[in-house]
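Read the single chain below, which is given as structure tokens and is the form predicted on its own.
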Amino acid sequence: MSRRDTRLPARRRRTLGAVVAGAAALVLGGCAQDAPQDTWQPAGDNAQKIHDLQWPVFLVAGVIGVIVLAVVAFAVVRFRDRGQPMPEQSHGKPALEIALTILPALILVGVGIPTVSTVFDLAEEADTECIINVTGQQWWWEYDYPVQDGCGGISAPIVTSGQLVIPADTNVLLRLTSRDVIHSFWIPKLNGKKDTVPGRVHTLRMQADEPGIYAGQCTEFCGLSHANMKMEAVALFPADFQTWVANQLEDYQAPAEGSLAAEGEATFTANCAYCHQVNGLTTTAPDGSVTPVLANPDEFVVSGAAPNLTNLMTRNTFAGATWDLLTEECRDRVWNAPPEEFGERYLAGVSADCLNEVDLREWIRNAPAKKPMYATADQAANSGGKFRGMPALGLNESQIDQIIAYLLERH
């Protein structure tokens, strides 16, 4: 009798080869250098503590995993059914049972002690020098800098969104909450995750070793556009951070009369200021009286808030940090700047020649078509007439030109 051919058919070999190649591509892709959200590339003291804990744990887990898989593979091959008698059972061997109980317990103790110690270290707040309130809502992040002596001194409140600006090499205390559902704040290179829960305040210490931009993501499913709820932390040298604070607190300057931006100011006031605040924006009545324009997003938005657009063009992103305000070339120039040049490039803001006008126009023209949101009239009817996200305002191209010209002056 000839020996049975045990080779796999050609079709199965090709399929197996494709599976192996795909798995290898995924593994190698996960090892890419300079990934924006790479937990294995810590850029701050808190992230370094997590890194110092996780790599030995992963190493031990990997070794144990290989041993277990090897034993299972050996058992499957060595004791596969050939019609032989049942193999000898290990039940009733006290030495083996005790060893297999004590060894996992020792491993858990070895992991548990440094884990508990790290958790307590990460919860430390006494060494923080700056306080920032962080509020999550569908689907963006608001950053509120209260008046304080910390952060080098902030003399008036600052409210911004999308990009969390912090002084480098400084322990910052974030006070996190939510206005609607549970979100989770995570900037992998700077610290671990922390949930934001309505009605509660959770704290998180943040610190970046060097100036730069660090990407993050909401990691708690929070509805339709959860995947589009991003954030960025911008670290600046303390002197540059003070320049940023001064820029945010500058008095409002109205556009030159008769300019396209002045037309944009009127268009913005008539269509956008119901929800979006611009500090210092006023209207003048026929009798000459001047009235501040105050947004009332609580009347129109489920979360009761919309991004404050004061000095919008000092930021690099919009719409919950989903899109860049900068063109790709200008963005790369900022993101890849060396630490000593980063502050100057970031503080330059968004100029007309660097503006990503394509995405910004699409957003102003029809926001729900660009980012999934419950922002149509039918969807608002199910939320008491309030939207979850920015609705389409029905602006024509001329009005969009005016608003963009107006926003460009906010840098």
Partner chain sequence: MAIIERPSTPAVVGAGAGAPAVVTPSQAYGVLRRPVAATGWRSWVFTVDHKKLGIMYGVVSLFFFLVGGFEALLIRLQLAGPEGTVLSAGLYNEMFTMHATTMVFLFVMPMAAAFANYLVPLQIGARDVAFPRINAFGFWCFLAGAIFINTSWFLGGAADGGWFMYQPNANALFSPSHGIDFWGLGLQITGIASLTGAVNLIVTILNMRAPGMSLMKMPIFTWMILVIQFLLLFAMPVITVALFLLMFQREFGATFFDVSAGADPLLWQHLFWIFGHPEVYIIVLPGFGIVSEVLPVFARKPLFGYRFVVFSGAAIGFVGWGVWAHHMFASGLGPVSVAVFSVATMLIAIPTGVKIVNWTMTLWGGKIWFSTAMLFAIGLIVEFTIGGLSGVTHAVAPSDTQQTDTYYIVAHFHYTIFGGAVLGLFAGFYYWWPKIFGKRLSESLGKWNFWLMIIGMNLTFGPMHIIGLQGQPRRMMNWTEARAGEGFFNLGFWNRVASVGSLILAVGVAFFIVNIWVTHRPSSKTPKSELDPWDARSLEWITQNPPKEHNFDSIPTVHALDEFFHRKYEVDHDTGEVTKVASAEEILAAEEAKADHHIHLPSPSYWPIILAFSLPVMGYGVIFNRFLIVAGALGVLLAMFGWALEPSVADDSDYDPPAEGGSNKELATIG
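Positions refer to the first chain, counted from 1. Just so you know, these numbers come straight off a predicted model, no measurement behind them. Superpose the two forms; the largest set of C-alphas matching within 1.5 Å is the rigid core.
Keep in mind that the form predicted together with the partner chain is not shown, yet the notes after this line are about it.
Answer yes or no: in the predicted complex, does the partner chain come within 4.5 Å of a heavy atom in every one of A35, F58 and E97? Judged in the predicted complex, A35, F58 and E97 all sit within 4.5 Å of the partner chain.
Proximity to the partner chain in the predicted complex (heavy atom, within 4.5 Å), stretch among 238-246, 173-181, 268-276, 289-297: Of the options given, it is 173-181.
Residue-level contact is defined here as any heavy atom of the residue lying within 4.5 Å of the partner chain in the predicted complex; does I50 satisfy this criterion? Answer yes; at least one heavy atom of I50 falls within 4.5 Å of the partner chain in the predicted complex.
Hey, in the predicted complex, does E142 get a heavy atom within 4.5 angstroms of the partner chain? Looking in the predicted complex, residue contacts with the partner chain do not include E142, since no heavy atom lies within 4.5 Å.
V301: touches the partner chain in the predicted complex, heavy atom cutoff 4.5 angstroms: No, no contact at 4.5 Å.
Taking the shortest heavy atom distance, is L281 within 4.5 Å of the partner chain in the predicted complex? Taking the distances in the predicted complex, the answer for L281 is no, it never comes within 4.5 Å of the partner chain.
Considering non-hydrogen atoms and a 4.5 Å limit, which listed residue (A254, V111, V159, I131) is close to the partner chain in the predicted complex? Checked against the cut-off, the match is V111.
Heavy atom within 4.5 Å of the partner chain in the predicted complex: which of A369, A352, A377, V68? Selected option: V68.
Within 4.5 Å of the partner chain in the predicted complex, which residues of 227-253 have a heavy atom? Give them in sequence order, or say none. Result: A227, N228, K230, M231, E232.
Rigid core fit then V358 CA moved by 2 Å or more between this form and the one not shown: It does not, since the V358 C-alpha is displaced less than 2 Å between this form and the one not shown after the core fit.
Superposing on the rigid core, do we see a C-alpha displacement of 2 Å or more at I67 between this form and the one not shown? Yes: I67 shifts by at least 2 Å between this form and the one not shown.
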